[in-house]
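Below, in C-alpha cells: the form predicted alone, a single chain.
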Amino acid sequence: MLSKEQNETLTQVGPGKPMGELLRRYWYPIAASSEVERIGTIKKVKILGEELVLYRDKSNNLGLVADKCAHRGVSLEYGIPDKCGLRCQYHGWLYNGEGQCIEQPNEPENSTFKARIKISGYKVEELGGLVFAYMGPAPAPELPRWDLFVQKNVIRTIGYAIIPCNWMQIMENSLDPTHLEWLHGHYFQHIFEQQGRPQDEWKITKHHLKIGFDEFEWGIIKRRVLEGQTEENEDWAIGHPIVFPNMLRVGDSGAHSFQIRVPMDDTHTFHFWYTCFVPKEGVVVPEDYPISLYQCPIKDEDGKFVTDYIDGQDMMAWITQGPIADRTTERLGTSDKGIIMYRQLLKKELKNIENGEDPKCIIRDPKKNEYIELPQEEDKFSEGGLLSGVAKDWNTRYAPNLEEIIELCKGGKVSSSV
C-alpha cells in the first residue's frame, strides 16, 4: 500500500505538481486530425489540468492556447481564427501560436501594452491522424514516431472516451496480466451466459502459470506463460510493451493497437484506442483511405456499464475504483509485481527530472526517431489472429467501417469511405 502523500504524488497532474511536471516532458494526442482539418475549426480541450483551445487558423496552421483571453476572461472557444493566430471575439485581441498578444485593435497604435500580454501557448504537431501537444520546458523533444503511427499499408481506426477516473489506475491495469483470465475470461463467460450466448464463443480462460516484467529502452515488457504454453511461446519470449509513461501496445498478426492514456486532470482521462489493421497480403490500402473516428460507450441508456466487450470491462474496473484509487487501503500480492515495478519506475524518473535530467523515452536525436519499432508478439496466446478475429468483442466494434475493414483484411476491395 502507499501513504496518502505517496498516492497524491503519483496521481496529481496539475501545473507545479511533481507528477504533472514529469508528464509535461512528453507529447500527448489531444484530438484526431479529422476534427480540426477544416480552416477556422476550434476545439476545446483539457490536458494536465489546463483548459485550452485547439484551432486551425486561416494560414492552415494549428495552434493551442489557453481558453481564457487575458483581457476580460472570455472563452476563446468562440474566438475568430485569423491568418496568424486566434482573435478574441469580445474585443479583438489577437494571440499567436505561442500565446503572445500581437494586436489590440482599440488600444493606441504606438502602445506597447500588447507586448506585455501573454497567455499559455503550446507546440502542436500532427502524426498518424492525431494531433499531439507538448506542454513542457523548451527545447521540446522529438515527437516519437512509434511504428504504428508511421506504418505503411494499414487501415487505421481511432476510438476514444473520456474516462472519469485518474490516469494511474488505468495504467496500472496494463501492468496486471492476470486480470485477463478473470475479467476477460470467466467474467466474459458470465456475461455471455446472461445474454444467452454460447459460452464457448470466448475461450481465453487459461490459468497464468508465470508472469514476468523487464525494463527496456522504451518502458516495460510484459510477459506471460499460460497453461499449455512454455517460455518458447511468443507471449513469454517476446511479450508486449508498456511504453513509458502512458501507453500500452497490444495485438497480434492481424492488428496492433495502442491504448494511450492522456491525463486531463486528477479525475479524468482522455483515452485513445489507436488500431492498425493489417490487410491480406497483396491488398493495397490507398494512402488517402480515411481514418475512422468513433466514441466508445462506457454506460448504456440505463446507466449500467457496457461490459460485453473487452474495453468496456476494463473501463468498468478502472472507474469503479473511484475517481482516484485509494492506495492506502490496497493489499498487493505477488501477482502485482508489475504494478510495483511501474510505480518504482515513475519514482525513479521523478528523481531524474529533479536532477535536471531527461526522463525515460525522451528522444532528442532525429535520426533515432525515423521509425521506432516496438516488440510485439504476433501469435497472441498461441491461438493466432485473435484481435482481428474477434474485432466485435473489442472497441473496434464501434468503428463505422468495421465490416469493410474485415473484408479488406480478407482480401476484399475498398468500396466506401468514412
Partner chain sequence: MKKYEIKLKYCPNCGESLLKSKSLLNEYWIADDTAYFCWCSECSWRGEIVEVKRVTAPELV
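Residue numbers count along the first chain shown, from 1. Being a predicted model, the structure only gives us computed values, none of them experimental.
Although it is not shown, the form predicted together with its partner chain is what the next lines describe.
### Message
Please identify the residue among 340, 238, 115, 150 with any heavy atom within 4.5 Å of its partner chain in the predicted bound form.
### Response
That would be 340.
### Task
Let me know the one among 320, 89, 328, 295 whose heavy atoms come within 4.5 Å of its partner chain in the predicted bound form, would you?
Checking each option against its partner chain in the predicted bound form, the one that comes within 4.5 Å is 328.
### Query
When its partner chain is placed as it is in the predicted bound form, which of 134 to 142, 180 to 188, 344 to 352, 221 to 229 ends up with heavy atoms within 4.5 Å of it?
So the stretch in question is 344 to 352.
### Task
Would you please decide whether residue 333 lies within 4.5 angstroms of its partner chain in the predicted bound form, comparing each non-hydrogen atom pair?
Flag for residue 333 set to yes.
### Query
Is there a non-hydrogen atom of residue 9 within 4.5 angstroms of a non-hydrogen atom of its partner chain in the predicted bound form?
Because a heavy atom of residue 9 falls inside 4.5 Å of its partner chain in the predicted bound form, the answer is yes.
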